[in-house]
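Below you'll find only one chain, the form predicted on its own, shown as structure tokens.
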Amino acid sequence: MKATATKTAQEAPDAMERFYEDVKRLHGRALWQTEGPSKVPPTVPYLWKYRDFRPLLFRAADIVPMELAERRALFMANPGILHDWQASNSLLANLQIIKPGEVAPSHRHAAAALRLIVEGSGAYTAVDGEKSYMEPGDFVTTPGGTWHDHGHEGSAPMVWLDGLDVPLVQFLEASSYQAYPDWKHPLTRPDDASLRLYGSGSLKPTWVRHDAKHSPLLNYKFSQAYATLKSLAELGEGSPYDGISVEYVNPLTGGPALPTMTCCASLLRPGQRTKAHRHTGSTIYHVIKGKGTSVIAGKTYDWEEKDTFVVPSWTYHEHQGAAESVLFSYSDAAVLKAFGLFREEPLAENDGHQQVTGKFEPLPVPERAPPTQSRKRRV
């Protein structure tokens, strides 16, 4: 019996190797040989300074014709991701500039997109035949599958932040793109019709039907959002983690304005410091007004008006406003909540972090090892 066991042990390595080769020929792999699900390059905290990007945007406006680019946009690339054009593993953040007199051709795609206006006036976005004029701080939706374009009727260049769920849609292999056959989708509705129909929030027209999953309201005006934030600030402190915070919602359902992205605006009073917490889902923040500091994964990031930064999924973060500040944010939380994958928790007292003399003092955080798998750039 002992001799048989010894012989089996000696033959086992060869048998196992032949077994693995047979599995490999079928394009399979044994579970016990893997380290679990395939890893993706990690989203890392990062702050993009608008003062650095702005000169490059205006240079692009001077030297890049619309015939070449159609949309002059500079991607904000997360340094932790091997793809060099994603802000996180699920979201894009781009800065786009348009000059007076320019008009972009119409197209549509499966990915949902938003615009947060950074500077300038006189430009518009047209969605499915409706034109909406944009001002700084406005949050404008271009839902997935809708024909959309933009043009500029003002006197100075205009810049906005584009937020898209392209990486998520591509991962799900649900991407599609189509250019409008006649270059420009016709205007079939009065300007800002959706704002007049649904802009009140609490009242809706009884004779109009809207069966799409996205909000029927195209432009959420900053003037209205800011007035709401200021009014709510008179009632109390708001969220301990986000300050006075509101979500942009579908006025018909109360759900997210875009099915795949949760979009919010948060007001921080001068000197206000939020408590640290973490949640699943990556979040892109843009500073509409003010200045302050965010501590993300133990590192301090000082931001000012028009800056953009990313908080990775399940990463502790907190904010402090040096002046009254308004932060716009968008995240993939809408998708996670729909599938029961969203969770959040506050920073525990015994987690090794503490507040000291107004600054967030963390214990050392282990660095992530750089990914070893190389990937080709997606275009």
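What you are looking at is a predicted structure, and each value in this text was computed from that prediction instead of being measured. We number the residues from 1 along the sequence you see.
The same protein also exists as the form predicted in complex with a small molecule; that form is not shown, yet it is the one meant from here on.
> Honest question, do Ala73, His109 and Asp162 all end up within 4.5 Å of the small molecule in the predicted bound form by heavy atom distance?
Replying inline: Answer is yes for this spot.
>> Give me the residue from Thr274, Thr283, Asn89, Asn94 that has a heavy atom within 4.5 Å of the small molecule in the predicted bound form.
In response: Of the candidates Thr274, Thr283, Asn89, Asn94, Asn94 is the one lying within 4.5 Å of the small molecule in the predicted bound form.
>> To test your reading of this chain, name the stretch in 213-221, 287-295, 233-241, 162-170 whose heavy atoms come within 4.5 Å of the small molecule in the predicted bound form.
In response: Stretch 162-170 is the one.
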